[in-house]
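As structure tokens, one chain now follows by itself in the form predicted on its own.
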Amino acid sequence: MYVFSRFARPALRIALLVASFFSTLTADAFDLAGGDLKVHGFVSQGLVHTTDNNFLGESDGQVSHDFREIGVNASWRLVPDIQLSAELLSHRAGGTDDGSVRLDYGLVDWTALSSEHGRAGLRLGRLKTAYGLYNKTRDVAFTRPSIILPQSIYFERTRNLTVSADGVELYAERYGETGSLTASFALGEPKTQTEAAKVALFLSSPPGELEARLAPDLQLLYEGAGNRYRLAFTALQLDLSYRPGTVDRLRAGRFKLTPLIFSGQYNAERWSLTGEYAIRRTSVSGFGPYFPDSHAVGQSYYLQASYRFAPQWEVLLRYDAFYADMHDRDGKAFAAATRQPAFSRFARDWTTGIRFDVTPEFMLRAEYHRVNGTGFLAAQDNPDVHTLRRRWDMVMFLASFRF
């Protein structure tokens, strides 16, 4: 309790001060904005303990408090067809993110066409990447099904490459008695100018520069029967090039990643069933003997069920599987070629958790993970792969407040 209060209290103070500031705005101030200014925020603090290996900080045999999210967002409908939206975010996640404040998204949304049957328009600026069912809202704990999203699809170690991009998005929505269909296509520049992005690809931080070509992102989403059914398809391509530093053992090379994600969800009154399946084609070329060329087709999937047994309580059960190469699922060929652990190429995670909504604004969560493999662990938290253990357990706790 002391550990939690020591590190959660400053974050909670920030959120409360921001909430207090905006609560002092008068009704006249909102009228000046056309009555359409909306401000929200959140703060979450997590605790992580693992029996072996490190996840989201130094958690092996101890408690890591290095999982924290603080955000403030606002939207303003300038005129009926134009809306401005932005969010400032501080995200702390072990060695992969230091919690510095950044612009998570900031965009202009123009609805060019609108009718009772749908609408179409474009968004311009820093955009949240459409990636599966949860990526656009992944930092808001209340919108996630668990403390951490399934790591087979939503990696924490590569989060910075897929969370947002600077560019333009075209979208169209069609409404009808059978449900709604949304199509979006974005073209943007991913955020590669971070140490976390380089370590995610090279397992180290070479001195050169990582640059990204414009990344296309297509998503189709169908929601039917009052949100009872949700079906989605996502296609994304990352095309990254590396420019070596003055003294660099790596040559100029190229990294390409093309994930295809199929998503489905069924929502009943008390329970939900969700599954996602991804195929990821990866290509590495040109870096030289220290980082040899490779081609692989990765496979990821999860199936989760949640049950709301009381108005404020929900339980979760999930099986989550990741394979870096579907043709070398046990990693033995990789281990023979590299002398690295075979189990670093896969991860299978059984998760059970419970959620308690103390109030509509304050939530508590607890989870237990039984993991076989280390495929989703970050190199920043586990610099020596030879100290990793194949089978490990993890216990997580989270408190989250929103306004």
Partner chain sequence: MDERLSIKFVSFLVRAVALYALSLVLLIASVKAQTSEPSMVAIAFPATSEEALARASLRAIFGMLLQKWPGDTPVKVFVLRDDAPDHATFSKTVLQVFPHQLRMAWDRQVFSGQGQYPEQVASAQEMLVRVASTPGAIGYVKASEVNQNVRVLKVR
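Remember, predicted model here, so these are calculated numbers, not experimental data. Positions refer to the first chain, counted from 1.
Not pictured, yet referred to below: the form predicted in complex with the partner chain.
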> What stretch, of 100-108, 156-164, 315-323, 198-206, brings heavy atoms to within 4.5 Å of the partner chain in the predicted bound form?
Replying inline: 100-108
> Within 4.5 Å of the partner chain in the predicted bound form, heavy atoms considered, which of Arg254, Arg213, Arg228, Lys191?
Replying inline: Arg228
> Do heavy atoms from each of Gly118, Ala268 and Arg308 fall within 4.5 Å of the partner chain in the predicted bound form?
Replying inline: yes
>> Taking any heavy atom pair closer than or equal to 4.5 Å as contact, tell me whether His40 reaches the partner chain in the predicted bound form.
In response: yes
>> So, Val140 and the partner chain: in the predicted bound form, are they within 4.5 Å at any heavy atom pair?
In response: yes
> Counting only non-hydrogen atoms and a 4.5 angstroms cut-off, does Pro289 reach the partner chain in the predicted bound form?
Replying inline: no
>> Quick check on Arg92: any heavy atom within 4.5 Å of the partner chain in the predicted bound form?
In response: no
> So which residues in 364-403, when you check the partner chain in the predicted bound form, have a heavy atom no farther than 4.5 Å from it?
Replying inline: Arg402
